[in-house]
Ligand SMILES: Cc1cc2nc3c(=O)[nH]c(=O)nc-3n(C[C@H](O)[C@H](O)[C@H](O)COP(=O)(O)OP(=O)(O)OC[C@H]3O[C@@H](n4cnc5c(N)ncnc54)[C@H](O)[C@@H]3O)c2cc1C
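Let's start with one chain on its own, the form predicted on its own, as structure tokens.
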């Protein structure tokens, strides 16, 4: 990709701020990641759609990034146009018993907006870092609730089709998965249908959830949230902690002392450090319990699957020697 030409064309489109070789470590909660060849921050929803239409029309590789809270970006970065939703899609409005919000709005803000509108059902989201868009992709959840419990309708951008409505059943929500992972869809907006509730009661629930998060998770250290999905009938954190793995480290990547299913960046951790530590944990859990942990964090970097190489490929390429299939 001719980065300078692409950046120049985007600037002439006047869709927002454009930069070259932008370090993605600045835009991920892990504080890890190499440069994006071209990084653009559209200013409005219309600018975002124009950017997506143009990039797709030019057959350019692209990736849409929210707050970067559930991703691990390669140290080599990505040779692509990275499109940020941090400015264009941060709106939220209460309409009767619904909240209509852009995919770039923070879940914490969404929960507080619901509380102010006397609407219950979003309390669980107050303790989840990241944006609505990322939460839809991952069907994020906490405290026994998840996004599929509240989403009523979505607006997505689809290549060659532009904006269209998407019903919840089309999203095929399941545990930490959705059809967004297998389709070239970009979440633009969502409507949440909620129930009337007393604001003080909502606030009390949110305070409880935040207190629990601060007590059980490494809130002050750069991290990407839960590293592995919970295996059926068990918890990844319990299995890892039972190994005595809290405190295990590779470089500046360390298994958190607060929660064993979190890896924290102690200062200068690289994606290679994190991958190596994940492989060590995964192999150790399989060796002792014959349970294969599946990553919850998304890998963004070179591989057979493009920017999001399958974890199976990464495990196999590593030659980690698991006692079972490398997937």
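Owing to the predicted nature of the structure, the values given are computational and were not obtained by experimental measurement. Residue numbers count along the first chain shown, from 1.
Another form, the form predicted in complex with this ligand, is not on view; read the next lines as being about it.
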Hey, in the predicted complex, does residue 286 get a heavy atom within 4.5 angstroms of this ligand? no
Would residue 179 sit within 4.5 Å of this ligand in the predicted complex, counting heavy atoms only? no
Distance check, residue 239 to this ligand in the predicted complex, heavy atom within 4.5 Å: no
According to a 4.5 angstroms non-hydrogen atom cut-off, is residue 296 in contact with this ligand in the predicted complex? yes
So which of 163, 100, 142, 243 gets a non-hydrogen atom within 4.5 Å of this ligand in the predicted complex? 142
In this chain shown alone, the residue from 29, 261, 265, 37 with a heavy atom within 4.5 Å of this ligand in the predicted complex is 29
Check for me whether this ligand, as it appears in the predicted complex, comes within 4.5 angstroms of all of 94, 150 and 202 - heavy atoms only. no
Of 204-212, 125-133, 228-236, 166-174, which is the one stretch near this ligand in the predicted complex, taking non-hydrogen atoms within 4.5 angstroms as near? 125-133
Could you list the residues in 215-232 that come within 4.5 Å of this ligand in the predicted complex, counting only heavy atoms and keeping sequence order? 217, 223, 224, 225
